[in-house]
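Single chain ahead, by itself, as structure tokens, in the form predicted on its own.
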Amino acid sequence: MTKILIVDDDLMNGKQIKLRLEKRDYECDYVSSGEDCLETLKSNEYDCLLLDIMMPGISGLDVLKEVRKTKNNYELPIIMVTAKDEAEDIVAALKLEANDYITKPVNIEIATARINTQVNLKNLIKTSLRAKKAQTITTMITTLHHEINNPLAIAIGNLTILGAKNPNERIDKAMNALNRITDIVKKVEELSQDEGMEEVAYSDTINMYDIHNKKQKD
């Protein structure tokens, strides 16, 4: 359910907007001042803020400026509520990264259309950023996978040859450490495959030393 915070110093107007939005299945909170708005935002999350421009004390523009220090215009869409003759304030609000505005008296159908547009944009941007982040991580894992796997195979291959000629405890410990790294790399590979990445082939030399030791014991 879309959660809205309504900020309006006119109690009757604010309560009426709240009631009409709730009838349209929005979850709404109402506060009557800029100070209360900022305090409420400290402990609550909202999908959109309906913010009156003209208020005593902290004005809507001051609230907007303060909110934008911590939340950008997709993290918390802000729709300014203004009188029709407040063109300068509308321009100022848009410069301060308000998402949109509606005029008084508030037409509830226009208000819900503007709210839905901003909330949908917010969700689309959030989804897009998640996908971009996931793609970046996937690309990074692919690159690191190759960068780790190739020298790892070379190191194990050379230790296998060295251990076959001159078995000793230090080589055993080094091989055990490299094989632990191999296990980690394999887990990364499995995770990468879950993300839709191409499988990266492993060198056949990785477990050669284990095979050699087994033959020696047999």
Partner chain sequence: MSKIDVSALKSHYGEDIEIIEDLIEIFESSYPETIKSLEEAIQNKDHKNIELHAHTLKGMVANFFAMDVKEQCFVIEKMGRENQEVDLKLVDSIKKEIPGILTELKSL
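Residue numbers count along the first chain shown, from 1. As the structure is a computational prediction, the values presented were derived from the model and not from experiment.
Another form, the form predicted in complex with its partner chain, is not on view; read the next lines as being about it.
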Of the candidate stretches 35 to 43, 50 to 58, 160 to 168, 176 to 184, the one with residues having heavy atoms within 4.5 Å of its partner chain in the predicted bound form is 50 to 58
May I ask whether Gln16, Arg20 and Ile108 all come within 4.5 angstroms of its partner chain in the predicted bound form, judged by heavy atoms? yes
Answer key, its partner chain contact in the predicted bound form at 4.5 Å (heavy atoms) among Ile148, Ala113, Ala92, Ala83: the residue is Ala83
Those residues of 2 to 17 with a non-hydrogen atom no more than 4.5 Å from its partner chain in the predicted bound form are Asp9, Asp10, Leu11, Met12, Asn13, Lys15, Gln16
